[in-house]
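Just one chain follows, in the form predicted on its own, and it is written as structure tokens.
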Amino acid sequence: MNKTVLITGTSRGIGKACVRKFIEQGYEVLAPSHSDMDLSSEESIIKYIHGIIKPVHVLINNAGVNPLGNIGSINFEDGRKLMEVNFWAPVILTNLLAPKMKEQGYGRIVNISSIWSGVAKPGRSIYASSKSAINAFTRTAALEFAPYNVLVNAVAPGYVNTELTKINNTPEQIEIIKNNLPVHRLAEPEEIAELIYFLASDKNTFVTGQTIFADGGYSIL
């Protein structure tokens, strides 16, 4: 059976690599742009999902934003939007699609978390909070839907060679990061996409409720 996957945040980085991977494996990919589905708007998300006329077998909640701000100078307007995109959008999408997966007796959901849900760095308090919330939501969703062959997991990437990493770190900082990582390099988006694909594919028949850190060993230092 040809399966359909919905992936958010596909214009670059990990999301773009996921689109390529799933297409290679024969999936039909739904990759809505911001104009198709505004992840900061519950109404827009509901409208898009209700417009899908075929079953969705896989959901990849990849989209995210990461404005930096130290405590004491947090921009709360940015923080609210961050929570809407990073946390509430995956919750809404799961709330809409997981029951349908339950009915069809099959589903895979992968939420993209972050290394910062497990370790700390200045300026990322709200971002880290959103990703910690995703980890907790992942565990509960996995528990509720496991009896119906709907497996729910999270992937927490570390430093990945993406535009976002380059925006939040200078070239000099990136070199320092590389040297400090046990593997001495950044991950490529395709490497993270391989892990996401495994969790979302028929090859995964037993792993659920997990947050898997793909960070080149950063979190074990």
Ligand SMILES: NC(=O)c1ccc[n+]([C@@H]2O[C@H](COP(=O)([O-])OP(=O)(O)OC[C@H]3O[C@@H](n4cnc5c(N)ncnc54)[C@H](OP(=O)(O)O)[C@@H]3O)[C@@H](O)[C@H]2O)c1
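Residues carry their position along the shown sequence, with the first being 1. The structure presented is a predicted model; accordingly, all values stated were derived computationally and were not measured.
Although not depicted, the form predicted together with this ligand is the subject of the following passage.
S.K.: Please identify the residue among Phe137, Phe87, Tyr127, Phe145 with any heavy atom within 4.5 Å of this ligand in the predicted bound form.
M.R.: Among Phe137, Phe87, Tyr127, Phe145, a heavy atom within 4.5 Å of this ligand in the predicted bound form occurs only for Tyr127.
S.K.: Going by a heavy atom distance of 4.5 Å, is Glu175 a contact of this ligand in the predicted bound form?
M.R.: Taking the distances in the predicted bound form, the answer for Glu175 is no, it never comes within 4.5 Å of this ligand.
S.K.: Test of understanding: in the predicted bound form, would Glu163 fall inside 4.5 Å of this ligand by heavy atoms?
M.R.: Taking the distances in the predicted bound form, the answer for Glu163 is yes, it comes within 4.5 Å of this ligand.
S.K.: At the 4.5 Å heavy atom threshold, is Val65 in contact with this ligand in the predicted bound form?
M.R.: Output for Val65 is yes: heavy atoms within 4.5 Å of this ligand.
S.K.: Would Tyr159 show up as a contact with this ligand in the predicted bound form if we use heavy atoms at 4.5 Å?
M.R.: Judged by the heavy-atom cut-off of 4.5 Å, Tyr159 is in contact with this ligand in the predicted bound form.
S.K.: Tell me, please, which stretch of 137-145, 94-102, 113-121, 72-80 lies within 4.5 angstroms of this ligand in the predicted bound form when heavy atoms are compared?
M.R.: Looking at the partner contacts, the answer comes out as 113-121.
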